[in-house]
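Next up: just one chain, as structure tokens, the form predicted alone.
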Amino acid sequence: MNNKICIVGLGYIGLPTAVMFANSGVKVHGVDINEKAVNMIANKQLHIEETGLQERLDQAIDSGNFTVSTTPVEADVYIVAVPSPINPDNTANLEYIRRATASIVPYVKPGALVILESTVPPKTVENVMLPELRKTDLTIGENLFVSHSPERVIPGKIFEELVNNDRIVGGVTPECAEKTKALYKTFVQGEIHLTDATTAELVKVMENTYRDVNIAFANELAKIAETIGVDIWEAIRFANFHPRVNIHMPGPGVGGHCIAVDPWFLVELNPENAEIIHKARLTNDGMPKFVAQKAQSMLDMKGITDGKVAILGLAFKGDVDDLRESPSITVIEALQELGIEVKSFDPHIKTVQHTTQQLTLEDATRDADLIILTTDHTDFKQLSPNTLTTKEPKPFVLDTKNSLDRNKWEQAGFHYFKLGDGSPVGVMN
């Protein structure tokens, strides 16, 4: 076992990974350029929300195995887990990767292992990391070992999946991969598959692109279903009984740090051969506007010219506080472009993160003509519509996640609509 790990990046992946290693008996030093986040972690306070993280952080710090600062330290292993976002033109922004790699160069000693966990375009290790690491004057594959092992976890279930999911390890050389496998065996119970770094980079991007294309297919089906009198959610449920069919679900768009971003890496890499991938991205990126236009038509149906809309959910997925690439934000922007007043509420986001955000559900819904559910939080699924503070007559409800009980909402006096549902109201629901 290596003696000490330095993890650069203490966000949604880096911090859980750090406490997993620390609680497995490894000395870990966490690094982040966000001084506020570092100070919070040092005081056992969370700057992100994740099930089970608080108790694991407490344990890691109390054991003395986990320390944090804003600068790297000398270590046996370095894990880079910083963001790899896209620029406004949808090209990859790899500056965080480059800077994080450059930051550890003064501390790297012979025999060190450097692992990139961030999801990146293929060839990032080769073209971005290795040029920086060569400044150590060490020889890659001989006395400096480099690998890519992309995270494969989902917010809300990170610790469960860190342990149980299979892991891909791509080494710059076979020895690099073997050393990385030995490290992750500290806590990984799933199988660890070895390959080269570029293949590992492509595999992770492929996995998220597959899901993006599948969701785009579902979103196209949802639009079609609305025109032919079919509930697409019911149709997809039936189709998925086929043993070789697994159609994903439609929604107001695609968010998060992976699915909404990673396909663009392939489009940028090889645009002439990424036609389906590109079309899927455009389809999913167009869903917030589709939802906004649907909302406008519903307000028009009621003869409302100065409509007010309440958005339920700001996070990109249910039961997390993660706003990255959230389609809810884009839905709000599309509504505002149509001149519609918007208020929003998210039970998982405790401080104001958006200009439309209200800190109580009542403040968001009180004057609404239309309520749109964009995030399938459990709080919303369990919400009793009879207790909701709204104007009279009750506003319309647009459920973009098929998360609300139609009968309950209609019995409470709301007029319920669902994305992708063209079936006659009340039939087969």
Ligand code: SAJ
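Each residue number is its position in the shown sequence, starting from 1. If you're wondering where the values come from, they're calculated on a predicted model, not measured in any experiment.
Here the subject shifts to the form predicted together with this ligand, a form of this protein not shown in this document.
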For this session: Indicate whether the candidate residues E151, E207 and I259 are all in contact with this ligand in the predicted complex, with contact defined as any heavy atom within 4.5 Å.
Result: yes
Exercise. Should H377 be classed as touching this ligand in the predicted complex when contacts are defined as heavy atoms within 4.5 Å?
Worked result: no
Exercise. Would H278 count as a contact of this ligand in the predicted complex, using a 4.5 angstroms cut-off between non-hydrogen atoms?
Worked result: no
Problem set entry | 4.5 Å heavy atom contact, G313 to this ligand in the predicted complex | no
For this session: Using the partner position in the predicted complex, report whether V254 sits within 4.5 Å of this ligand, counting heavy atoms only.
Result: yes
For this session: Considering this ligand in the predicted complex, find the one stretch among 120-128, 207-215, 188-196, 82-90 with heavy atoms no farther than 4.5 Å from it.
Result: 207-215
For this session: Could you spot which one of H348, R167, K223, H248 gets a heavy atom to within 4.5 Å of this ligand in the predicted complex?
Result: H248
For this session: Go through K157, K317, K289, K181 and name the one with a heavy atom inside 4.5 Å of this ligand in the predicted complex.
Result: K317
For this session: Note that this ligand is not shown here; using its position in the predicted complex, name the residues of 386-423 with a heavy atom within 4.5 Å of it, in sequence order.
Result: K401
